[in-house]
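Presented as structure tokens, the chain that follows is alone, the form predicted alone.
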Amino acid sequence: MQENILNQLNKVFKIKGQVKSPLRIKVVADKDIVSSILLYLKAQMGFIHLNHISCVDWIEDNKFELVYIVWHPEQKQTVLVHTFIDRENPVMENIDTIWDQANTYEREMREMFGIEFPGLVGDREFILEDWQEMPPMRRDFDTKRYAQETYETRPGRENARNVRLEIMKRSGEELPDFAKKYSRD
């Protein structure tokens, strides 16, 4: 069954793929044909469910890898469509006209990685409020520095109490050993 799916995709789009397991197929495609592949998988091959869209930051290669995961409910097959986009000018075609739920994933990636999806409808602010910094899921975002500058050095925080310790006092619970090194007493 997987070979038939791969052969059909190769015949139409001239792409190769590989069977990763009895229920999972991986294909890698140029970003310009990803939306066509996804539409074909849905409309012609019965992969009617978009499971997820994920992003991997390959900072060493100056690329983002987008992975579209679609599922065929009758055949119980999953196809993962991988593509790479430039990290310096991250733009990918919007697919929320194929699957409505793609809007949520794309808005999240726009906010967390800085990827633009032309035509994407939705407020710029999705999860982060009043965010002016580098997108926080990029690997070169310094989380520790941001937290120190934003939360630990703000005036009025000198007497701030450790929330975890306050909750433990009330509940009688003990701090697990692995968490002790992160706690401010």
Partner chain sequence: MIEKETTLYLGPQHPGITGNMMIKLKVKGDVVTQAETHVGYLHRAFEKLIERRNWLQSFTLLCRFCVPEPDPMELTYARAVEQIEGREVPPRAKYIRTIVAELARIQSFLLWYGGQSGSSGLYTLGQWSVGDRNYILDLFEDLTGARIYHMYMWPGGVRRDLPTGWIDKTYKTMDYLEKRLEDYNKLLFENAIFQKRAQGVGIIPKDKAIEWGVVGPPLRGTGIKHDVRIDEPYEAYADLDFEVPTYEGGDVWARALVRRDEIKQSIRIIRQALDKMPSGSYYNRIPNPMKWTVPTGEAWIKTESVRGEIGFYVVSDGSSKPRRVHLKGAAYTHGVSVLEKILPGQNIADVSFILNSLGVCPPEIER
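Note that the structure is predicted; figures quoted are calculated from it, not measured. Positions refer to the first chain, counted from 1.
From this point on, the text means the form predicted in complex with its partner chain, which you will not see here.
Residue-level contacts in the predicted bound form: of L120, V34, I69, M45, one residue has a heavy atom within 4.5 Å of its partner chain, and it is I69. A heavy atom within 4.5 Å of its partner chain in the predicted bound form is found for exactly one of I95, L80, I85, I115: L80. Within this chain, A29 is remote from the site of its partner chain in the predicted bound form, having no heavy atom within 4.5 Å.
Though the partner is left out of this view, Q132 does not reach within 4.5 Å of its partner chain in the predicted bound form, counting heavy atoms only. Among heavy atoms of V19, none comes within 4.5 Å of its partner chain in the predicted bound form. Within 4.5 Å of some heavy atom of its partner chain in the predicted bound form lies at least one heavy atom of V56. Contacts of stretch 83-103 with its partner chain in the predicted bound form, defined by any heavy atom lying within 4.5 Å, are made by W99, D100, Q101, listed in sequence order.
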